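Shown next as structure tokens: one chain only, the form predicted alone.
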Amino acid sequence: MEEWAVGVDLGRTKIALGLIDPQKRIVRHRRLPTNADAGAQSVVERIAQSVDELRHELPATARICGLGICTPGPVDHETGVVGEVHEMRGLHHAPLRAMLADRLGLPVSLDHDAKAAALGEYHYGAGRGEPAMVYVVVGTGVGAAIVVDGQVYRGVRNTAGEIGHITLNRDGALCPCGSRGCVETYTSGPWLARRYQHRCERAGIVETATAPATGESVTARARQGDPIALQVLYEAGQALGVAVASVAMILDIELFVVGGSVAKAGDLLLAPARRTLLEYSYRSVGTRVRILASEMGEDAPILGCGWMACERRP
């Protein structure tokens, strides 16, 4: 029998499922609302119903070998329990892996969404054939996952990769983490919007838009030539470049892949990051480091979950 897998990216607002064939291609997609407030049992049942639908689309010679699922952090990949995730109160402390395994009769793996995306990008995207890679997620927050020899490096307590909280300015803006001047206060989507609005206010520009600025709208305005939006994104790229330089100097890893919603800005973000990287690292290090955009996009966590489903079976 051919062994297929299911990858599940469980987010704060939506759940994306993918049926993955033996060639590691997503051949079917399903998308449904998370509705975490309805409780863990409801979420599990709706995921299970979608998996049952996907089972009916398998070739006669195929079977599902396992399911991998990822969620925002914190999550305990060893016990399979979800932590206290903002806006997902109905899933707090839920033994999600065990619940899904019991309902589906399948082996289930559970991990953090950034780590799953890193595994997908490493094995099937921009990281193919590399000895190591750092996957940087730039979206509502900024984080990273480190992959070495095909496996996630977790650190002593599974907290490795907090690149978003490298301090760039000790007197900078107060970050929600309690520190000041973190990378995240320059680069994340919400902070792009804040910085854009503050710059407009300082310049005496009155915003006429009906909706408040967002990271996406700042990027759109930068593409249209808005000088303030271009400057905000340039500074975000510089912050990312300093962070990459710092991590590269410590870990001696040469490939950094950037994903997440803000990464859709492309070279508006990545070009200044590449230039700044060279200014904040040894030349012998910086000239070897590559900063690339994700190849897999929103499919990265689904494919990473599929990899987990096949590779982490008991």
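Just so it is clear, the model here is predicted, and its values are computed rather than measured. Start at 1 and count along the sequence shown; that's the residue number.
We do not show the form predicted in complex with another copy of the chain, though everything after this point is about it.
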Hey, of 221-229, 99-107, 152-160, 84-92, which bit sits against another copy of the chain in the model of the complex at 4.5 Å between non-hydrogen atoms? 152-160
Taking another copy of the chain in the model of the complex as the reference, which of Ala48, Leu32, Met249, Ala38 has a non-hydrogen atom within 4.5 Å? Met249
In the model of the complex, the residue from Ser217, Thr140, Thr167, Gln197 that sits within 4.5 Å of another copy of the chain by heavy atoms: Thr167
Could you confirm whether Glu53 comes within 4.5 Å of another copy of the chain in the model of the complex, counting heavy atoms only? no
Using 4.5 Å between non-hydrogen atoms, is Glu279 touching another copy of the chain in the model of the complex? yes
Looking in the model of the complex, any heavy atom of Ala193 within 4.5 Å of another copy of the chain? no
For Arg63, is any heavy atom within 4.5 Å of another copy of the chain in the model of the complex, or not? no
Another copy of the chain in the model of the complex reached by all of Ala126, Arg274 and Ile291, non-hydrogen atom within 4.5 Å: no
Can you name the residues of 83-101 that have a heavy atom within 4.5 Å of another copy of the chain in the model of the complex? none
